[in-house]
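What follows is a pair of forms of the same protein chain, given separately as structure tokens and numbered structure 1 and structure 2.
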Structure 1
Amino acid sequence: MKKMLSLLLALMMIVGMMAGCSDSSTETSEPEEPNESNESTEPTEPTEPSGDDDTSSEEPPLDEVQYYNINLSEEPATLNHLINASVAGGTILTNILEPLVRNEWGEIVPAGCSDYEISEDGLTWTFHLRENYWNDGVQVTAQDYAYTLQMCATPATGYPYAADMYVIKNFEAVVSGEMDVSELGVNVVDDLTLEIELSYVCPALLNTVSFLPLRQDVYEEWGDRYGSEAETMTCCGPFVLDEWTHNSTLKMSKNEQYWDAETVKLEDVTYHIVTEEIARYNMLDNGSLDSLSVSDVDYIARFSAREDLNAIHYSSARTVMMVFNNEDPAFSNRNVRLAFSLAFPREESATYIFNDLNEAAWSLTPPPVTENGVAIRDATGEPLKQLVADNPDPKAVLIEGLKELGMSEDPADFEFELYMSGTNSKMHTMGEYWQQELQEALGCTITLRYDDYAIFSDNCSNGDFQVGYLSWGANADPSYMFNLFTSTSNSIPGKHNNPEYDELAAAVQQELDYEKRLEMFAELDNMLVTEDVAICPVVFGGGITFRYDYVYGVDESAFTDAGVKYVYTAGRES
């Protein structure tokens, strides 16, 4: 407990220091000496053990040999960040490339840049780069960061998150081929100064876009093969990728050229690509892995009993939901949708289906999504709870809806299909449970359909579904989640269409006042969940990580891109 406390204290110190320079709006603040923050991560000050603490609280000295073994749940399809769309790829990239800023312990801190300024109209952001080097000795320049953005905007690249980049001036026109890439709002002022022009004021810019550098000469040398092997790319982050044995391991070592190399303690990091759950558990069990997220109940019990493993509960910032097809004849009716949402067994599902690792969801945004430190979820007031309390009989609401639709008023005549986005046994368990519970509560007939995600997604975007089971990850910027439901978005297949909602979702992106933003987000959430009933929230994703007690310095926050930069071990048995 004490150990955790002292760690927490250390972390707070770093965050506090770095937060100082992240808020620099018009004035340029000099960055702190990097090795200052470095010291605070060191386990130098053992706190006095207090009487009520029975476990030893002193952190042992740093291990001489610093290495770390962790799991990567799947093989990254590519490490070319221009086309990477996988979480696994992002996990590796954050360790081997240096973004302009990083999200560490919930705060945006300068990384590749030492500081940045925002012009008075909020439309021009100027980044001052640090002296940092690629692992082949070439200095990282503003051109490298600009090149990424230019390539992302080039239509032929096929950048998967292009829609999130429209905030950059002319990005949309360039990506659709209407404008030349030279007109993109990105200017290289000099080798260490990068200027980014925005198409609209966007206070959440650094939460939305991750600015990674790319070397033009290296990219042109390898072409399509860039990032497909360890040899076909260069690194400038805390670590260098040395070896990539596809579908087996990714090995990296400390980057001695890195600007903040003093902070980095780990010498070797190995990501083990193990897709089989049981194999992962065995690896944690015998110490081949130092840390692992565990979802199997039996293994959770087993690892919880071990004294050398710390259990860390985390939120994965995902929302599991049911999406209604708003263009379906029956589900176009609000009362029909509402009846479904009211009857849905949320708490029971969280307990029986998700083993209490996930929390019942009464709103769209998962708890880690915050605006100025306040969770959007808390700001909504969760009116769905009140609605459920006010309508103890969802069947009556369904009958009302059927009446409005001019259909038979007997719910027993009403039949609909629940569409699950997978074919594994877990999907079947969930589907059958909800089918049974909802049939009982609503008195209607529910059929089930299961398909692999590819087929599910295809069918849904063609409108071939009534109610679909979906899980979607959030972003540090709350707007991301809400933009999924605007009438122009094609991400979520529900065809939610409410001009008022669209207007508010657009307005909030440019709103500067934090209080107002929070209010607007909460309103959007309530519009979606209780007024329009476009979705039926189910649970918020979460899990439990088991980590050996000799591991320190892991950033547990949901949207972190610190990677393993600050991790170190102390007291590992050799």
Structure 2
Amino acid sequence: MKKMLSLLLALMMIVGMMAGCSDSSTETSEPEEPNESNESTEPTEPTEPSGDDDTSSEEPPLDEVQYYNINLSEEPATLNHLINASVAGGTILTNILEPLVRNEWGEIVPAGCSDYEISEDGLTWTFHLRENYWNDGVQVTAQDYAYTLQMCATPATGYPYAADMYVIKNFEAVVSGEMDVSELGVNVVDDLTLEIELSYVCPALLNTVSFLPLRQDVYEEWGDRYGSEAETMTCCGPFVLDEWTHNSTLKMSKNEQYWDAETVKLEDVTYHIVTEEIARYNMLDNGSLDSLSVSDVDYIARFSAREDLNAIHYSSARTVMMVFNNEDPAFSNRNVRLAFSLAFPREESATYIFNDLNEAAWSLTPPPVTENGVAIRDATGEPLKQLVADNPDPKAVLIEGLKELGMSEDPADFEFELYMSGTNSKMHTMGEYWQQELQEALGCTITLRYDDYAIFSDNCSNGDFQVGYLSWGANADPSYMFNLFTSTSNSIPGKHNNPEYDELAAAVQQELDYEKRLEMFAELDNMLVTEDVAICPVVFGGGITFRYDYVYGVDESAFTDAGVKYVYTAGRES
């Protein structure tokens, strides 16, 4: 086996030291810390904790019947991982499909592959697959992983994270239609060996590129219906999706064909789709849910007083933001966007809307995202704070923007729409609060629009919005968040287009010097948030999860994509 470059080893060791989590299940993973004494990069199995916070070190015997009830706050728009861009969809996919590697308890561990090796020049990664099977008994092969990458590169797919895949040789050229997909740097050596060629050295490859498999025969059989119902897909992860009652429940059972089935203790998992907060809280209260993130102060106090519930505090790697449609006639003007961002009540929102469980955001990247141990947020210096201090009158900035557009310079004549990505009562509360605060600060008229996320996402993708509310989870590689806002990205619908930003975002992925990377990330953040004002950061996610004390094995680590693989119950009262 070929030895890796010593610099590459050092870089990967540092990249592995990341922290954070998202408000649901993230779809990404971080590079492992390699074993320097071994020429082959062989991830090690994680050490599973004995239980959740504040639980006794002496566990009761495992419950004879193993089941778990949890919540999804929205209906997945699709379970086709080629086009999924929602947290809800990713939460299910991480349980029913097996990526090449998983992020578990803070480290990369083998999943679909048993080990991998990197060529001396760092440009060829070879993955050796385990013997794993789809739930219908067909063996998972290297072709299944290769087919995913080929379909992601196919222009007609519209893969939302294409910009993250440009590291793969010829990927960008294939997506743009300049090359055929057969020229993509993905090679099937044999049934259990996959080779990926890169355009440049990328220590964070495992954190950047999606490695979920896809059965070509099943995908072609169902076509556009693939991933729309439980029966339209096969599963090769810890669980099988048995039933999907839309806007109600998704039911999974243990996948006996899974290579690591002996580790999986849960027999049945039910995700309840409950959009209303109070309904969710009542379900936790009466035991219909085993675990739930809680944000209401009254219910936090109520659940904290219960001896059978454990409270787990978390700071998620998620940024809540307002995204501007940079092609909208009004919001194509920087000063109009700037006025909105200057007037936005971040600190007040963190307190009054998010009950001080979240932190006001003055930059793009949430606190857990680091580079060589330095939080990207700290490296940026949060220049948006200084911009707000330098512009104490947002209304004057709005007037200047309206003047530049040739519109009435009276803010009272200016009206725009704030589009909220949900229809529940919490979403209405947030929208109405921001409507009131911004109208008072800017002197304009704001109308509110609400849609379920799937409809919201489609409309925004089609440019049918002015300012949209959404949140986005980061992964351990800082480049990921910045790639979302390149002109070639289909992820964030703001139509941000700055050639200098694109060039810098591409350059930082190839830069191996950490100090230079930090400087480049700071420049990217400054360009996005203060110079271009492409987005208005709101808060960084966080909260409290309450979980019954009979639940064990939940991975609370940063950027986890373990799903519920290791969860089990012990001591549940029948």
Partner chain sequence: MVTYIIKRVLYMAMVLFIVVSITFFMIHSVPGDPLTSSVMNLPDEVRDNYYARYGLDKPLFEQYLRFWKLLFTEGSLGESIKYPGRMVEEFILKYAGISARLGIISVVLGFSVGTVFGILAAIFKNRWPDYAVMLTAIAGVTIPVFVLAAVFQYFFTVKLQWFPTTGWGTVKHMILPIACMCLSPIATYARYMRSSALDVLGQDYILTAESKGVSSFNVVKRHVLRNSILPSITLLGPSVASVFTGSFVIESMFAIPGLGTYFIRAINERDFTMVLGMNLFYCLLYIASLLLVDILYVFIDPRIRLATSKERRKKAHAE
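Computed from a predicted structure; not experimentally measured. Take the two forms, superpose them, and find the largest set of C-alpha atoms that agree within 1.5 Å; that set is the rigid core. One-based numbering along structure 1's sequence throughout.
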Checklist entry - Between structure 1 and structure 2, which should be identified as the form predicted in complex with its partner chain? => result 1
Checklist entry - Rigid-body rotation of the smaller part against the larger between the two structures, in degrees? => result 29
Checklist entry - Once both forms share the same rigid core frame, by what distance in Å has the CA of residue 339 shifted between the two structures? => result 13.9
Next on the checklist: What does the CA of residue 539 shift by between the two structures after fitting on the core? Give it in Å to one decimal.
Outcome noted: 4.9
